[in-house]
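As structure tokens, one chain now follows by itself in the form predicted alone.
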Amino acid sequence: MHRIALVRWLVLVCSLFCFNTIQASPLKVALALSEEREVYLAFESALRNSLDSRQEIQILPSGTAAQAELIVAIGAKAADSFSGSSIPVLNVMVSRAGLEKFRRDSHSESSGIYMDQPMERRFSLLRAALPQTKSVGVLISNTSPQLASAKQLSSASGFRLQIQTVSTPDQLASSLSALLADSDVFLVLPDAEIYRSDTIRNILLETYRQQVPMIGLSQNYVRAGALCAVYSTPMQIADQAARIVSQFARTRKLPDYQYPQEFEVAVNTQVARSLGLTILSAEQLRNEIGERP
């Protein structure tokens, strides 16, 4: 009997040892870039730096996604290429509209961090930067997934939301001009049908001509002539992605799609002076937004 008990004990110990060994095996992660754009490379570098020090993570060499247990798809092209993947996918550096399309088309387990900021955060910036605002103008194409949120937050903030719909490209100039004539602030909503490389310059020039400040979508908008914007850096998104990867290494479950948690504010002080506006500094606005619900 003692011998049988000893054998059972040894079997149990071996089983537990093998189980723990399997559990301790590092999670194999593949990083897939859409292309070698500066912003994607900055994200990849920051993510590697964050994950390399974590013993539960192993970053696979480029081109070995088929051997991975989790794929981090960086950019829209990478997200599209893994939409049919049998391996779980974490999508980053893609707009909410792009990731919503991915979710509709994909049958794989997936999650993602939107590049867009939550509308609540953008309205917090608007209230902090331009507290005298009464009317907010927005341009939309035929469909705009964030319009409902903009309407709700405008009402809650006491703003009058002015909406102009641009159904065809030739309507853009006249619709924008009419909108700005009745708006204190021009708020850019994510809309690839309206805001393109061949239209953004003229939109900025018209807002400047009519002396209506623009709240943009990114730091690039502010550099180009928008008054201010709230945005997240590739490093901030990479830190958030690293936490998701580490969580997946422990649980083998991905969280729901989410907005960036950390953010920065950019202000174009030259534009503010040209428009005769007094505005808080980027740091002051960042701190004030952080304190708002």
Partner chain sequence: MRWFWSSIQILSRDLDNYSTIRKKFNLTGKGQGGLIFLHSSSHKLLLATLAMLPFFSAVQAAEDLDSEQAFFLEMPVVLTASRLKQPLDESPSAMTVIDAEMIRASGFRKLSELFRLVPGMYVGSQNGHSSFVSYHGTTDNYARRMQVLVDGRSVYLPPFSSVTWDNIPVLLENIERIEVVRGPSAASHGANSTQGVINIITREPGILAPDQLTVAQGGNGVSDLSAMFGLNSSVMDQRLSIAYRADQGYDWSLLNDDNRTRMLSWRGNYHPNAIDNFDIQLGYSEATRGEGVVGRASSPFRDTQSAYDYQQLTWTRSLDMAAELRVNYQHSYVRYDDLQTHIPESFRAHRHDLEVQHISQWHPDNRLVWGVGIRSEKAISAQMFVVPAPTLAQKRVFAHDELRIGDAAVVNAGAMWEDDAMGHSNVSPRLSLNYHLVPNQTLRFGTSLAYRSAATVEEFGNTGLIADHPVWAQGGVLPEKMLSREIGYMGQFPDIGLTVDTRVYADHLSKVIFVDPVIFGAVYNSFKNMYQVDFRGWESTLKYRWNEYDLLTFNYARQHASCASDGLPTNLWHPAIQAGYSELLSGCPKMVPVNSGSLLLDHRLATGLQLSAGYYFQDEVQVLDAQYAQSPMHRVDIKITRAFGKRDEVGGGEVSLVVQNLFRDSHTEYSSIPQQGTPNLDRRAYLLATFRY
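Numbering follows the first chain given and starts at 1. Note that the structure is a prediction, hence the values are computed from the model and not measured.
One more form of this protein should be noted, the form predicted in complex with its partner chain, which is absent from this view; the next part is about it.
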Practice prompt. With heavy atoms only and a cut-off of 4.5 Å, decide whether V222 touches its partner chain in the predicted bound form.
Written response: yes
Item to complete: Consider P190 of the chain shown here, and say whether it contacts its partner chain in the predicted bound form, taking contact as heavy atoms within 4.5 Å.
Response: yes
Worksheet item: Does at least one non-hydrogen atom of F102 fall within 4.5 angstroms of its partner chain in the predicted bound form?
Response: yes
Worksheet item: With a 4.5 Å heavy atom cut-off, would you call V271 a contact of its partner chain in the predicted bound form?
Response: yes
Worksheet item: in the predicted bound form, which of the stretches 123-131, 82-90, 109-117, 149-157 has residues with heavy atoms within 4.5 Å of its partner chain?
Response: 109-117
Practice prompt. Heavy atom within 4.5 Å of its partner chain in the predicted bound form: which of L51, A241, V267, L31 fits that? Just give me the one.
Written response: V267
Worksheet item: Ok, I71, L217, L139, V185: which has a heavy atom sitting within 4.5 Å of its partner chain in the predicted bound form?
Response: L217
Fill in: Stretch 85-99 - residues with a heavy atom within 4.5 Å of its partner chain in the predicted bound form
M93, V94, S95, G98
